[in-house]
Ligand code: CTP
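In structure tokens, one chain follows: the form predicted alone.
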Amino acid sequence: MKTNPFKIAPRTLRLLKQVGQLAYQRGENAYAVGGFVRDLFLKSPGMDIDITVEGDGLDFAQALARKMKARVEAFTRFGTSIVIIPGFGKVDVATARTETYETPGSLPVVEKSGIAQDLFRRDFTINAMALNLSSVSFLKLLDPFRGLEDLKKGRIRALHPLSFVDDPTRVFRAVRFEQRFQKKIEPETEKWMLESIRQKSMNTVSGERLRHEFELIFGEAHPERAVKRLGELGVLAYVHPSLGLLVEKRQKLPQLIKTLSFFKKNKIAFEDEEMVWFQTLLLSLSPAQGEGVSKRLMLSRNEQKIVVQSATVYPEMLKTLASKKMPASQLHRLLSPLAPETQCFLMAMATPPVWKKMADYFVKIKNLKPWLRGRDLKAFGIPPGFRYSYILLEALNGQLDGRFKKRPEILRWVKKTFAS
């Protein structure tokens, strides 16, 4: 048998062997599991490794950390730890366990188990595979639920009918994996999903967990595909009635990707890029609806501000921008008070002519270096006060609109108009 049939990177292979040797010395069994195994078969192995131990995972993680001169972060409720190995990265170590859910959508109650029971608790068959790390069976595949077959046949399949009742957030994961790997959700699995959604299982999930699932989707290479699929399945409206994907917004998803790329290319920074996506999912909201969405998804104060801002300016501002030709200074007055997340959302929803108008403005303002500063006003003997803001704004407007061609013209204007 080949010692490295998956062509695992040498340093990862060495680490897996060390994990197996440590387990043998301790009289335990260790397995590489989950996404790490799945991605090996997809020929796109990641750096993060998940290890499951038939034994004491917390103690094993401490022993591994001592062996590798690493540090440990432990999460004892679920018997899991993260070992941070210098020069390598993180390794998740967990105790093999079963999970039971006291109520749908709640966090699970866990008990120690063997590897077979541990694999059965997982979300989908493609994530329920393991590689034995013992020396006699090194890298032997454990696949009790035919995950490899599903991977090859291109399907996302849940392990049992109550999977989405136990944990409704698996609906988001099913869609995320379907779009990431370009597989199809298996028909019976989709039936279980839809039944769970119709039973309003999302109502049992905390806003924090829902928010996390949205963030994971927005972090995908092509979040627009998953967002569209969630809309088609009717998931969004069940999360909150004010979430949805109107036809006009669905058609704008490719332009949203283009606009996000434009902002990144021009180094226009976001405080929270996910909020661009959240605005795309929000219908035209009343203040009460905005408050309801914010509360349901546990948005921060700044995020709530963006929701309110978006609801206030969309779509009226786009109509204003499209209605007439306007100088750059007027664009600046309209757009500069808005958060970058709102600016990006508006641009993504714009018609091509308005998109170009906004793009030209953002490039211009990004590269603009104001010719007049507060220190210039001070040098002219103008007393500090509210007039500073007015003079600086008027100077900037003149610079934007081309009324001032260079700095000396602005200085002469200030001296003539405001200096005593």
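All values derive from a computational prediction rather than experimental measurement. Residue numbers run from 1 along the displayed sequence.
We do not show the form predicted together with the ligand, though everything after this point is about it.
Inset, instruction - Go through E394, D50, D376, D59 and name the one with a heavy atom inside 4.5 Å of the ligand in the predicted complex. - result: Among E394, D50, D376, D59, a heavy atom within 4.5 Å of the ligand in the predicted complex occurs only for D50.
Legend entry - The single option of K140, K228, R173, K112 touching the ligand in the predicted complex, heavy atom within 4.5 Å: For this set of options, the contacting one is R173.
Inset, instruction - Indicate whether the ligand has at least one heavy atom within 4.5 Å of a heavy atom of G35 in the predicted complex. - result: Although the ligand is absent here, G35 would touch it in the predicted complex, with heavy atoms inside 4.5 Å.
Inset, instruction - Determine whether any heavy atom of D167 comes within 4.5 Å of a heavy atom of the ligand in the predicted complex, and answer yes or no. - result: It does: once the ligand is placed as it appears in the predicted complex, D167 has a heavy atom within 4.5 Å of it.
Inset, instruction - Using the partner position in the predicted complex, report whether R180 sits within 4.5 Å of the ligand, counting heavy atoms only. - result: Yes, R180 sits close enough to the ligand in the predicted complex that at least one of its heavy atoms falls within 4.5 Å.
Legend entry - Close approach of S242 to the ligand in the predicted complex, 4.5 Å, heavy atom: No, S242 sits far enough from the ligand in the predicted complex that none of its heavy atoms falls within 4.5 Å.
Inset, instruction - Go through 327 to 335, 123 to 131, 149 to 157, 192 to 200 and give me the stretch that gets within 4.5 Å of the ligand in the predicted complex, heavy atoms only. - result: It is the stretch 123 to 131.
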